[in-house]
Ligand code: Z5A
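Coming up is one lone chain in structure tokens, specifically the form predicted on its own.
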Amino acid sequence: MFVTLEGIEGSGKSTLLSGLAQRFEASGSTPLATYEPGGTPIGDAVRELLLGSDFDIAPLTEALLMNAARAQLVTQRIRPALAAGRVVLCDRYADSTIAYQGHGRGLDIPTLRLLCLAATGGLEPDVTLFLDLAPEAATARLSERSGADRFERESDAFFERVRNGYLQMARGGGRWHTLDATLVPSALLDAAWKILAP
């Protein structure tokens, strides 16, 4: 089973991923818990460039770098784990590109879908958990952190566009499940586990 977690900055994806990994381990599974951009040596180098630098990165460059890191992660870690019968939990995946570089940055979404298709080889998640949070609430959470990265410093207007992109994708149903990211972490974990445990 391939599970992805999506949402704007500060929505609680990393905390939820950690909790889900522990639940799967307690149930006798050995999940692969990973993240984007990153999860491999090449991906982590790209992550540092995208999040940790002060470079003026053009939207298309950003999308290409995201997908370069994604291609490496899919090839080196996700596909081998799925082939071995492991559960894969990934903090962000191709939907992030559609939400952030498409809806957020204004790039052409059909073109981005083709980029993502090339990077993933058509590998789609079985389940996508969308942690929905209003930008104002996310900003309040992020203000408590030190050392904000390039994305965390974006405006509420940017995050509103990104959130609307996610909401639009989630309305399609199927693999998408929308969770209330204002829930306390334990309640959010329980809600996610109810979706995944069966």
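Just count from 1 along the sequence shown to find any residue number. Predicted model only: the values in this text are computed from it and were never measured.
Separately, the form predicted together with this ligand exists; it is not shown, and the next lines address it.
Colleague: For the three residues Gly12, Arg47 and Phe159, which mark the spot I'm curious about, does each lie within 4.5 Å of this ligand in the model of the complex through at least one heavy atom?
Modeller: Looking in the model of the complex, the three residues Gly12, Arg47 and Phe159 all sit within 4.5 Å of this ligand (heavy atoms).
Colleague: Out of 35-43, 53-61, 168-176, 22-30, where are the residues with a heavy atom within 4.5 Å of this ligand in the model of the complex?
Modeller: The contacting stretch here is 35-43.
Colleague: With a 4.5 Å heavy atom cut-off, would you call Glu152 a contact of this ligand in the model of the complex?
Modeller: Yes, contact at 4.5 Å.
Colleague: Give a yes or no for Gln101: in the model of the complex, does one of its heavy atoms lie within 4.5 Å of a heavy atom belonging to this ligand?
Modeller: Result yes; Gln101 sits at the interface with this ligand in the model of the complex.
Colleague: How about Thr97 - does it come within 4.5 Å of this ligand in the model of the complex, if we only consider non-hydrogen atoms?
Modeller: Yes, Thr97 is a contact residue.
Colleague: Wondering, does Met66 line up within 4.5 Å of this ligand in the model of the complex on heavy atoms?
Modeller: Yes, Met66 lies within 4.5 Å of this ligand in the model of the complex.
Colleague: Scan 59-91 and write down, in order along the chain, each residue with a heavy atom lying within 4.5 Å of this ligand in the model of the complex.
Modeller: Met66, Arg70, Asp91, in sequence order.
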